[in-house]
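We begin with a single chain expressed as structure tokens, specifically the form predicted alone.
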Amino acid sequence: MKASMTETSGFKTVAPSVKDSRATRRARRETREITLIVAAVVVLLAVGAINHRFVSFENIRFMVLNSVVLSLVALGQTWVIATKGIDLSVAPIMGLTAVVTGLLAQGSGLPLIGAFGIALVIGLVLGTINGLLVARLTIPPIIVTLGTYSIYSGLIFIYSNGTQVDQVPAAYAAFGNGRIAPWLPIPIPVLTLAIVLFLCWFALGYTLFGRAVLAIGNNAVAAYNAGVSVISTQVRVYMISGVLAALAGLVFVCYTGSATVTTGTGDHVELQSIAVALIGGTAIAGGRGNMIGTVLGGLFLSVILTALVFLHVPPIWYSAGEGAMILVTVTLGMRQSRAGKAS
């Protein structure tokens, strides 16, 4: 590969081909984001014409809030997929966090700040286990996280002993359903998602760690030869995925006021998070991630699923629809990638 950097008077300048490549990638990201926004608006208008309650303020608020939990999980999934990995264990990590913090709050009045600390520990520990197994033992990510999916799911049953969360303290409910201020109608979970999105967007696009993640996704061997700490970076992306899945679990129990042994796993959050990341423009082959697209993908999926309810589509078709969306998105993404390489 020819060098893409030239030096003039001690300053590095980017070659025109690299500038064009970056501009092309930026254009693709923006096109994907605009497409998702337009698609969501089209669905809103189409279903709203059939049932005006679909476009009511309360239902739109519901769809936005309903997308927060999935989008948090999907942001972590985006980091992993960008390195050409996958994390199937996000669902039980989310469920375990929801059950542990919910039961402690319900039974002993655990303060909300303590719940955040417990969620952080659960996410870090379980995410680190995934990362070490993938990076240190070089076991394929799908095998590692499929195994830990079962282990972490078992931990939910062991800890809860079949007990479910059906009541949380007022502070939890206020965090999950409250607003930033009476005069500012932005739900606290939405603000939480916005902060996480900004941090992920900035870290992926403007830090050395983000560049290392994308370099590993493009070619791990070349990244290693260029001085990238491949093992450390891989471990950290699974840690991020674990922490964001745990945060999603805490937001879920605060928002709904409930949690059971099937929280996360029962709704196949792991598959939904993959679908959302891919719909948002993250490449399944690694090397490309779109954090804003991921959140828009989460909102789009929330709109679609809610529309199916309003259209009285049997729930049995929901999973089939999600699977079809994954297949179509991956196929289009691979064709676009091949076209980009050919050009």
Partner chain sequence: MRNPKKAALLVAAMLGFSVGAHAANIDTSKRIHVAMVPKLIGLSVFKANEKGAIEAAKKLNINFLYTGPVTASAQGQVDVFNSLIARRFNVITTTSNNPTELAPALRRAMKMGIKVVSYDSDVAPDARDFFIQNTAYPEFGKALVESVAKYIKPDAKIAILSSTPDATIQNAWIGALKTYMAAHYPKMTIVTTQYGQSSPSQSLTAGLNILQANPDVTGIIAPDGAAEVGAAAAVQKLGLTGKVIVGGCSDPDSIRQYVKAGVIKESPLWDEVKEGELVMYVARLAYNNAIHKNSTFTAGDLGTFTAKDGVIIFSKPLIFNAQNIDQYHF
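Fair warning: this is a prediction, and the values are worked out from it, not measured in the lab. What we label the rigid core is the largest C-alpha set whose atoms superpose within 1.5 Å from one form to the other. Residue numbers count along the first chain shown, from 1.
What comes next is about the form predicted in complex with the partner chain, which is not displayed.
> I'd like to know if Gly162 sits close to the partner chain in the predicted bound form, meaning any non-hydrogen atom pair within 4.5 angstroms.
Yes, Gly162 lies within 4.5 Å of the partner chain in the predicted bound form.
> If you check in the predicted bound form, is Phe252 within 4.5 Å of the partner chain, heavy atoms only?
Contact check for Phe252: yes, within 4.5 Å of the partner chain in the predicted bound form.
> Give a yes/no on whether Ser108 approaches the partner chain to within 4.5 Å in the predicted bound form, heavy atoms considered.
Residue-level check for Ser108: no, no contact with the partner chain.
> Using a 4.5 Å heavy atom cut-off, state whether Met239 contacts the partner chain in the predicted bound form.
Contact check for Met239: no, nothing within 4.5 Å of the partner chain in the predicted bound form.
> Tell me which of 180-188, 109-117, 262-270, 201-209 has residues with heavy atoms within 4.5 angstroms of the partner chain in the predicted bound form?
Every other range fails; the passing one is 262-270.
> Do any residues of 126-157 have a non-hydrogen atom within 4.5 angstroms of the partner chain in the predicted bound form? If so, which ones, in sequence order?
Just Phe157.
> Does Asn66 shift between this form and the one not shown by 2 angstroms or more at the C-alpha, the core having been superposed?
Comparing the forms between this form and the one not shown, which are aligned on their rigid core, Asn66 does not shift its C-alpha by 2 Å or more.
> Relative to the superposed rigid core, does Leu308 relocate between this form and the one not shown - that is, does its Cα move 2 Å or more?
Passes the 2 Å threshold, so yes.
> For Val47, decide whether the Cα shift between this form and the one not shown is 2 Å or greater, given a superposition on the rigid core.
It does shift by 2 Å or more.
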